[in-house]
Every structure is written in C-alpha cells, then in structure tokens.
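There is one chain below, alone, in structure tokens, taken in the form predicted alone.
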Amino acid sequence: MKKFNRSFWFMLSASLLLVLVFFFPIWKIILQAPQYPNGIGFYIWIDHMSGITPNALENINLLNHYVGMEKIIPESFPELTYFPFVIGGLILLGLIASWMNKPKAILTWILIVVVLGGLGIYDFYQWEYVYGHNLNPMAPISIPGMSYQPPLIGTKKLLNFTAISMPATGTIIFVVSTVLAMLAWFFSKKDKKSLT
C-alpha cells in the first residue's frame, strides 16, 4: 500500500487544520437589549476570552453585578491554561495517525476528538449553569426563582435581554477536521480491502 495515498492526505489535512484553532475563537455569547442595540458579548478562545467590542467584558460584569452574578474573570478558568496543550496533543496524534495510515489509528483519533469535544461541551454547560444559578441574594435586583443561565446553543430571553450562544470559527474548524478524518478512515478501509 502506498504511504501517501488519499487517506494519508485527508488525515494529514485534518491534523494540520487544527493549527488554525489557535487563531480563531471557538465560541461566542452575545447579549442584546434595547439599551445595547448592537449587542454586547465576548468570544471564548482556547487560551483566553475577549470582548466583541472594547470594554464588553467590563460592561457584562457590571450588568452581572446588578442581578447577583459572579464576575467573568478569564484567569479563573483552568481550561484556558491547559486547552492549548490538548490541541497540540491532538495535532501530534493526528500526524502520527496519518503516518501510520491504518484504519484503527485514524478511527482512534476520531474517537478521541469526539470524546474531548463532548467533554468540552459538557464542561461549558456546567460553567453556564453555575454562572447563571449561583446568585448573590443581596444583589440590587433579586427576582425569586429567576436564573440567568445562557443557552448552550441558540437564544434565550433573560429579563429584557436576549442571550445568544453559538459556535464560532474555531468550532467549525473542529467539525471540518473531524469530517476530513472520517474521509481518511473511509478511504483507508477501502484501500485496505483493495489489497486483500
């Protein structure tokens, strides 16, 4: 079997594509309200958070204070410290899988990506839950039974705000990378059968 066949190139592309995740945000949360016609929000990257506009995080934290929510402090998220190493590990494992060019190696990489992606989404949901439910009862605005958990994906009405949460470019890169790896797995199986 040729080493540099279709499955090799698809898997190599899937691995190297993840390098772009270092340069694009993976998620975004936007708050829209009459007093913020253009919306305010922030991006979540693999190693930091940034406001969509200047001072956006500060404005969100100010709003959070009034309803008793904790401040969003990027440095308090350990995921932003180790996630770059996780991506680096996936790239390295992907390069190894592409060089091995075997269906089992490629499928193993796909499963690792899917499991880590699922864990990442679960971790994000848990953060949103705590963030929206752990409220200061002494807040200036306190509504019994009200929580402010943003949606995982989609839109949700929170008082006079509409919260929008959706994947950003980095997540789309993850999906495309996984699809390329699936194609690599398909062709590696096909090539293996053609040699038997």
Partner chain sequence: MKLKSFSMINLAMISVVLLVSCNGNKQSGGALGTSDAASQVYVAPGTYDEFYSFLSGGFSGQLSVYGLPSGRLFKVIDVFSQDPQTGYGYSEETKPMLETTHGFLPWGDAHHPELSQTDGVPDGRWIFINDNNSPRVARIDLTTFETAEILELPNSAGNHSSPFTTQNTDYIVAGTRFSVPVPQTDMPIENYKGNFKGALSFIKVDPETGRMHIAFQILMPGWDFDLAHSGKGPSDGWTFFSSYNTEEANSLLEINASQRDKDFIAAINWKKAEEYVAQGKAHEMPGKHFDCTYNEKTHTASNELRETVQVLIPEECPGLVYLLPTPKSPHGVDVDPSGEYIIGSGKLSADVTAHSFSKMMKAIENKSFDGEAYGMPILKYDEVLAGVVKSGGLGPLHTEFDDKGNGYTSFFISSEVVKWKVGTWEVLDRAPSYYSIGHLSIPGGDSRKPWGKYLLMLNKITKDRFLPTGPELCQSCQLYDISGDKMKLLLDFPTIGEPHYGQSIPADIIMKNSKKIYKLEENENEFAVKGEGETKVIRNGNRVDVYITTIRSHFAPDNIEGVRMGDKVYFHVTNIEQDWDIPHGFAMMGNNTSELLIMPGQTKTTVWEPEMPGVFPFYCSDFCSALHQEMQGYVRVSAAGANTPLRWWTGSAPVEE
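Positions refer to the first chain, counted from 1. Keep in mind the model is a prediction, meaning the values are calculated, not measured.
We do not show the form predicted in complex with the partner chain, though everything after this point is about it.
The shortest heavy atom separation between L63 and the partner chain in the predicted complex is within 4.5 Å. Interface residue remark: N59 is counted as part of the site for the partner chain in the predicted complex, having a heavy atom within 4.5 Å. For the chain shown alone, P140 is a contact residue for the partner chain in the predicted complex, at least one non-hydrogen atom being within 4.5 angstroms. Contact between Y36 and the partner chain in the predicted complex is found at the 4.5 Å heavy atom cutoff. Stretch-level contact analysis of 126-134, 65-73, 163-171, 146-154 against the partner chain in the predicted complex, using heavy atoms and a 4.5 Å limit, identifies 65-73.
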